[in-house]
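First comes one chain, alone, set out as structure tokens in the form predicted on its own.
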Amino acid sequence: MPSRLRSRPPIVLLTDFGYRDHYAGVMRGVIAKIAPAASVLDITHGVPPQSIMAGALTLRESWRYFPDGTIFVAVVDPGVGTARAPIAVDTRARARFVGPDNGLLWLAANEAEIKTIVRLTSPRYRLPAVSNTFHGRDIFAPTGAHLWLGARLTNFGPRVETIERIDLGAPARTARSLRGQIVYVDGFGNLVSNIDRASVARLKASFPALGLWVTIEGSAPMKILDAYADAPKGAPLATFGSFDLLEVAVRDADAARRFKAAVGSPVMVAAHPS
């Protein structure tokens, strides 16, 4: 294998296809036929089905940890076969993203500073037959493979100026509180909210003599701790996790199950006497 190919960054897959069916494996097979020397890695195929927000957050939290030039092929695509566009995005951070234009790519691509966006229309870089239900196989995997081989982004189709955006939403500030909502539930049952560290810091600065307490779904107030292990086993807590967003957890247990909470559940941070 030529050294110039061995040194190229990988193609990285993220989907909601799960691990039971053949879908993710077939995408790997398509890439292997077109670009057999490519290294293909997975972020996950366990994004909750049809959850564009979960996929977008997962991609945002992952892309910067891969080598410059990595090609991310992301497929969470409830609108497959409709008028939503297939796209590819190049960025100033040299990460490239391939997937449906439904908001899935926005959080990561915006962080990486979008440089060029194209709509994937060229038959040359697709499989000969394109189904209405599996663009991961027929459009996105071939695109990733041809990009890895060195095809120019602008060869794949016309440039477009914008892509679909997705928004976590900002927490609402009241006199002595922040109100947000759960935007992601991880595999441990930890409940990640859209309340960011800066908003909590501003609330604390407004009431330096008071403590900050977190509630979810009518729970008892919880303190914000530095780590899961700072709470007793089985006790609920709030903390800033790896997303750098406020999350609700239960030490060594499942917070989603404990609080019967899910994406969209309300979370509040309030200033009260300790």
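All residue numbers refer to positions in the sequence shown, first residue = 1. Only a predicted model underlies this, so the values are computations on that prediction, with no experimental measurement involved.
Although not depicted, the form predicted together with a further copy of the same chain is the subject of the following passage.
inquiry  = Among the candidate stretches 170-178, 200-208, 79-87, 98-106, which one is within 4.5 Å of a further copy of the same chain in the predicted bound form when only heavy atoms are counted?
reply    = Contact-bearing stretch, as computed: 79-87.
ask   = Taking a further copy of the same chain in the predicted bound form as the reference, which of Ala93, Leu127, Ile166, Ala151 has a non-hydrogen atom within 4.5 Å?
value = By the 4.5 Å heavy-atom cutoff, the listed residue in contact is Leu127.
ask   = Given that a further copy of the same chain is left out here, which of Ile216, Val47, Met222, Leu246 has a heavy atom within 4.5 Å of it in the predicted bound form?
value = It is Val47.
message = Check Pro236 for me: does it contact a further copy of the same chain in the predicted bound form (non-hydrogen atoms, 4.5 angstroms)?
response = The answer is no: Pro236 has no heavy atom within 4.5 Å of a further copy of the same chain.
query = Asn132: heavy atom within 4.5 Å of a further copy of the same chain in the predicted bound form?
reply = So Asn132 counts as contacting a further copy of the same chain.
request  = Mark Gly187 yes when one of its heavy atoms lies within 4.5 Å of a heavy atom of a further copy of the same chain in the predicted bound form, and no otherwise.
outcome  = Taking the distances in the predicted bound form, the answer for Gly187 is yes, it comes within 4.5 Å of a further copy of the same chain.
inquiry  = Within 4.5 Å, heavy atoms only: does Arg258 come near a further copy of the same chain in the predicted bound form?
reply    = Judged by the heavy-atom cut-off of 4.5 Å, Arg258 is well away from a further copy of the same chain in the predicted bound form.
task = Taking a further copy of the same chain as it sits in the predicted bound form, which residues of 47-71 have a non-hydrogen atom within 4.5 Å of it? Please list them.
result = The stretch touches the partner through Val47, Pro48, Pro49, Gln50, Thr58, Glu61, Ser62, Arg64, Tyr65, Phe66, Pro67.
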